[in-house]
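Heads up, the chain below is alone and in the form predicted on its own; it's given as C-alpha cells.
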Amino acid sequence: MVRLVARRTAWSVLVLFAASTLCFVIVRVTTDPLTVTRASLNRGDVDPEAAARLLADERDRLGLHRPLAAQYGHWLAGVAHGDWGESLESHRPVAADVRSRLWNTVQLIAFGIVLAVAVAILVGVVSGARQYSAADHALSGLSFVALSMPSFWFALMAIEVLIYFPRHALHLDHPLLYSVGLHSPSGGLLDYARHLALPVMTLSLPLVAAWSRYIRASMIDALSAPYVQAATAKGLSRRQVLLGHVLRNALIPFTTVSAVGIGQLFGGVIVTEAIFSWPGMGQLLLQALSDGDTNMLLAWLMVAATFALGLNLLADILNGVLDPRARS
C-alpha cells in the first residue's frame, strides 16, 4: 500500500508540473499582462510618450522583457515559496485573495459532494437491487430528466419555485431559502443553511443523475457474479449480500468515476457561483477574465489542477483500500 501511495504521488507531482508549464504558456501567449495598465492609461488624459514610458516601466517591473522560460522559472520559484505575485487589478497579494475565496468554494463543493454521494448511492442501490421495477423506472426517468437539464436553468427554476412562489403564495415576510450571497450580516447557522441549500442542490444534481446510473449498472453487474451466489448459498440475507458484498464491489469503479466528476466541479461551480452571487473561486475567475489579470488566472488554474489531481490521487488510494489487487 505504501508503494502504491508513493508511486501515485510521484506521478501526480510530475503531472502537476506539466500542467503548470502548459497553463503558464497558454496564459502568457493568449493574455496581455499589461491590459489593466493600458485600460487605466486610456481612461486618463496621458501624453502618448508618457504612456509609452509607463508601459515600458511596467513591462520591466513584471519581467516581461525576459525570455518566456525565464519568466516561467521566476513564477514557479515564487509559487514554490508561497508567493503567487500580486493582482494586476487590485495590487493585493494573489495568495490572500485565493485563500479567502477558496474556503467559500470548498464549503460549497464539500456539501455538494456529500449530498451527491449519499443520494446517488441510495438511488443506485434501489434501482440496481430492484431492476425493472416501478421504482427503478421512476428513478431512472428522473435521472434522465436531471441529466438533460442545464445547471443554470435548474438554478433559475429552483429560485422561482422554492423562493418566489412560496413567498407570494404564503405571504411570507422572508423567503424560506435565499439565493444571494453566503449569509446575512446577522445570520446564524440556520441562515447559513438557507443560503447554502440552493447552490448545493444545483451543484449536486448532475452528479446525482450520472453517479446513480453508474452505481445501478455496477450493482446489476455485481449481482450476477459467482461470489454473490456463494454468499447466498451460505445463508446470508439479501440485505447482507447487497450491502456487504455487492455494494462494496460496485463502489470500486465508482471511486474513479466520482473523482473525475468531482474534479470537474471547479468548472461547474463557476456558473453556480455566478447565479447565486457566491463569493468563491468561480466569481474570482470571472473577475480575473474581465480584468485581464494574468496572475490571478494562473493562480486559479493551478488551484483547479491541484484539486483535480488530488482527487484522482485519493481515488487511487481508495481503490487500493477497496481492492487489494490494485495495490500491486
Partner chain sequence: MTIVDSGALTADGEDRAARPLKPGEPAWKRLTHHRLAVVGATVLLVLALGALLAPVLAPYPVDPLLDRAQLAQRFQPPSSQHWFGTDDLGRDVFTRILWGGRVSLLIGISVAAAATAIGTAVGTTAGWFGGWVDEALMRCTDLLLVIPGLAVLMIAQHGLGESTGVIVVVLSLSSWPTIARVVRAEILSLRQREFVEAARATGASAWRVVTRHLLPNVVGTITVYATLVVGGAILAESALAFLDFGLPAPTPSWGKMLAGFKGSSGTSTAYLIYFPGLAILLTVLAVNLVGNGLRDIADPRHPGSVRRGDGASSRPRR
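Positions refer to the first chain, counted from 1. We call the rigid core whatever largest set of C-alpha positions still superposes within 1.5 Å between the two forms. Just so we're clear, the structure is a prediction, and the values are computed from it rather than from any experiment.
There is another form of the same protein, the form predicted in complex with the partner chain; it is not shown, and what comes next is about it.
Contact with the partner chain in the predicted bound form, defined as a heavy atom within 4.5 Å, is made by all three of 8, 206 and 210. Partner contacts here mean any heavy atom within 4.5 Å of the partner chain in the predicted bound form, and among 120 to 128, 72 to 80, 140 to 148, 106 to 114 they occur only in 140 to 148. The partner chain is not drawn, but in the predicted bound form it has a heavy atom within 4.5 Å of residue 156. With a 4.5 Å cutoff on heavy atoms, residue 275 counts as touching the partner chain in the predicted bound form. Not displayed here, the partner chain is kept clear of residue 192 by more than 4.5 Å at the level of heavy atoms in the predicted bound form. At a distance threshold of 4.5 angstroms between non-hydrogen atoms, residue 309 is in contact with the partner chain in the predicted bound form. Between the options 247, 220, 196, 231, the residue in contact with the partner chain in the predicted bound form by a heavy atom within 4.5 angstroms is 220.
With the core held fixed between this form and the one not shown, residue 225 has its Cα displaced by at least 2 Å.
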